[in-house]
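Before any questions on binding or motion, here is one chain by itself as structure tokens, the form predicted on its own.
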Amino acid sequence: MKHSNAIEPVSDRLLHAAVEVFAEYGFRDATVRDICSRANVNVASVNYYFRSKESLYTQVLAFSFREANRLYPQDAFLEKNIPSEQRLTLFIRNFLNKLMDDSHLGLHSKLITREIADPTKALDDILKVEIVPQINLLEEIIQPIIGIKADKLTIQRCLLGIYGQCLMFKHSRSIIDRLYPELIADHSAIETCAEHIAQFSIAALTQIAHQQEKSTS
């Protein structure tokens, strides 16, 4: 898709075009020439505005996370005065809706998925700036549910278990569409799935907390 809006800054046009090209081809197979062609700019523009293809790619990944957070604000579950179970439900609802978005945000999600499956040097920056803060936030949310006696490895398994339930819907969507299409038929169905994941996770976390109490009593 050509980006022909002359009013839009060149750097922004390059970012939007790069999201499309990197999502479609991945970092290694994407070309600067194709990105510049889609942005309707001179082929030297990438070096001028971003220094290199690698630097552009890193900024495109960061932009993709920012765009996802802009469309799906995190304000609701950042509030520490609400019950942890409610915060977890809001966190899961936000994350699953973000993953299942079929709008242009789907390109950003595809781009991030490609990077995780076939990582480049940019992943280290993305981990530090975007992913680790989210993991730390989720840990903060589940800690009161799972209890203070849970060890580090147990907490890590729980974190990945929650993420894994959500990511299953994203990465196995073609299978779910064929097996159980009603589960993700529309926004309401996705919301129901998010509620289920939250209830399932809260029950598991509570059970683990009880087991921890028994083992130390």
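Because the structure is a prediction, the values reported are computed rather than measured. The numbering used is simple: start at 1 and walk along the sequence shown. For clarity, a rigid core is taken as the largest C-alpha set superposing within 1.5 Å between two forms.
One more form of this protein should be noted, the form predicted together with another copy of the chain, which is absent from this view; the next part is about it.
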### Message
Please tell me whether any heavy atom belonging to N69 falls inside 4.5 Å of a heavy atom of another copy of the chain, as the geometry stands in the model of the complex.
### Response
no
### Query
Though only this chain appears here, would L160 touch another copy of the chain in the model of the complex if you measure heavy atom gaps against 4.5 Å?
yes
### Task
Would you please decide whether I145 lies within 4.5 angstroms of another copy of the chain in the model of the complex, comparing each non-hydrogen atom pair?
no
### Message
Contact with another copy of the chain in the model of the complex for Y48, defined as at least one heavy atom pair within 4.5 Å: yes or no?
### Response
no
### Message
Give me the residue from I82, V129, I116, L137 that has a heavy atom within 4.5 Å of another copy of the chain in the model of the complex.
### Response
I116
### Query
Is any part of 170 to 185 within 4.5 angstroms of another copy of the chain in the model of the complex by a non-hydrogen atom, and which residues would that be?
H171, S172, S174, I175, I176, R178, L179, Y180, E182, L183
### Message
At a 2 Å cut-off on C-alpha positions, does C193 qualify as shifted between the shown form and the other one after fitting the rigid core?
### Response
no
### Query
After a core superposition, would you say V21 shifts its C-alpha by at least 2 Å between the shown form and the other one?
yes
